[in-house]
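Only one chain comes next, encoded as C-alpha cells, the form predicted alone.
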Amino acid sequence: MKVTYPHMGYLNIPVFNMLNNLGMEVIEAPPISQKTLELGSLYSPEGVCLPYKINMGNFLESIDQGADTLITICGAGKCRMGFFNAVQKISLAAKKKLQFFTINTENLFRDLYRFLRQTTGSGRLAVIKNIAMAVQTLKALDAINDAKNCYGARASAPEQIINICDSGVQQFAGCRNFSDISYTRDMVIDLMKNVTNSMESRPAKVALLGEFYVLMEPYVNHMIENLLIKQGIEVKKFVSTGEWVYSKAFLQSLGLYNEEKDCLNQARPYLNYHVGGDGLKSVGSALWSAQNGYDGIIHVYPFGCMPEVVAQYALKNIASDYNLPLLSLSLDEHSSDVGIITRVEAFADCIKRKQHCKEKTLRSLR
C-alpha cells in the first residue's frame, strides 16, 4: 500500500509524520505547480472550482510516482467539496486500480481513527498518540504563521521573517514527540522576535477571510499573506488548520463545539442562515473585524463558489455600514500573479492612506 493525499498549506507535514510513524509507505505529491494545475484542469469537469482541480492534479502526480491508495475528505455541508471524493473516485478509476479512503469531517476523529487502525494494524494508544501529535504540530505551525504576520509587518526586512518562517516550518518534519514540537515552535518564534526592530509600531491591520482551502494554500492564494506583510500591513487569518482540526476532532466529539451555531451567532444580523461551506464564517469574521478596529477586509474565494458569493452581499453591507475598505478576489486557474499583486498593493496603499488621515485627525483634536 502506497498512500498519498492532496496538499493544503503545511498540512502535509503532520500527515506525513502521522502515517510514517504508524508504518505506512507515503508517496507525497510534488509541491503544487503550474503543471499540477494544468494536469488537474485537464481531468476535471468544466466549471468545477479551483480546489477540485488542484486536488485532482495532486492525485495524478502522486499516481504517476507509484501511489495506489488515495486519502481525501468529504462532508463540508452544502459546499461542492463534500462531493469531490465521489467524482474523483470515478474519474481516477479509469486510470489505474486504486484504493480510495474518505474521511468525513463531520466525524473526523472517529473516521480517522478507524482508517488508521484498519490500514496500519497499530494499537489504540499508538493511533491516538499520533493523531494528537498531528494536531499539536498543526497548532504549532499556525502559531508560527501568526507570528510571521505579526513580526513581519513590524520588521524593516520582512523577507528575513518570511525566510525564518519557511525554514522553520520544514523543521517540523523531524519532530518525533510532543517535546520536539513545542521546542521547535518556541525556537522559530524567538528567532523571528529577535530580528524584529520594534514592537511599538502599530501597522494597519487587515482581516483575511473566505473559503477554507484558498485561505490555507499559499500557491492558490498567490501568497497573499506575504504580499501584505511586505507592504507593512499586519494580517489576521480567521481560519487556521490546527484550530479547525482540534475543534472537529476532539471538541465536537465531546459535544463541546458546534461550528454552525457559533458562526450563526457571530454573523447576525447580516446573515441569518447557513449558506454552505465557509460563507457564514466569512460574514461573522468580517463583522467581528469591523467592530474591533480592523482597517480593511480581504475576501478570497474560488471562482464560482456559491457560499462565498452569497456571503459577498453581506460583506458589502458590513463594509458600507462600518466604512471599511473591502477587496474581493475571485480566483481560478487563469488568475495571474501580476494581477493579484497589483490589486493587493493598491488596496494596501488605500488602507495606509486612510490610517494616516485617521491618525492626523486624532492628533489635531488633542
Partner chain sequence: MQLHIGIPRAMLYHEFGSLWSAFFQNMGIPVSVSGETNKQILDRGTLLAIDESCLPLKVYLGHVDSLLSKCSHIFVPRVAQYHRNFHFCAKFSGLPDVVKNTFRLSPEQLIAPNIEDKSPLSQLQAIYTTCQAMGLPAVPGYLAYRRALKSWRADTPCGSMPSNKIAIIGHSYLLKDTFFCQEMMNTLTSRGVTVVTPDHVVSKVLYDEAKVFQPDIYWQLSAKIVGAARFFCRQPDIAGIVMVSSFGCGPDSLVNEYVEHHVLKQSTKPHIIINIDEHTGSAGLITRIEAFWDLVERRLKS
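What you are looking at is a predicted structure, and each value in this text was computed from that prediction instead of being measured. Positions refer to the first chain, counted from 1.
Beyond what is shown, the protein has a form predicted in complex with the partner chain; the following relates to that form.
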Using 4.5 Å between non-hydrogen atoms, is residue 114 touching the partner chain in the predicted bound form? no
Does residue 307 reach the partner chain in the predicted bound form if we count a contact as any heavy atom within 4.5 Å? yes
Though only this chain appears here, would residue 31 touch the partner chain in the predicted bound form if you measure heavy atom gaps against 4.5 Å? no
Since only the chain is shown here, I'm wondering whether residue 90 would be in contact with the partner chain in the predicted bound form (any heavy atom pair within 4.5 Å). yes
Report yes if all three of 273, 314 and 330 come within 4.5 Å of the partner chain in the predicted bound form by some heavy atom, otherwise no. yes
Please identify the residue among 230, 222, 80, 205 with any heavy atom within 4.5 Å of the partner chain in the predicted bound form. 80
Heavy atom within 4.5 Å of the partner chain in the predicted bound form: which of 246, 109, 84, 101? 84
With a 4.5 Å heavy atom cut-off to the partner chain in the predicted bound form, the contacting stretch among 64 to 72, 319 to 327, 333 to 341, 31 to 39 is 319 to 327
Residues within 4.5 Å of the partner chain in the predicted bound form, restricted to 19 to 50 and counted by heavy atom: 45, 47, 48
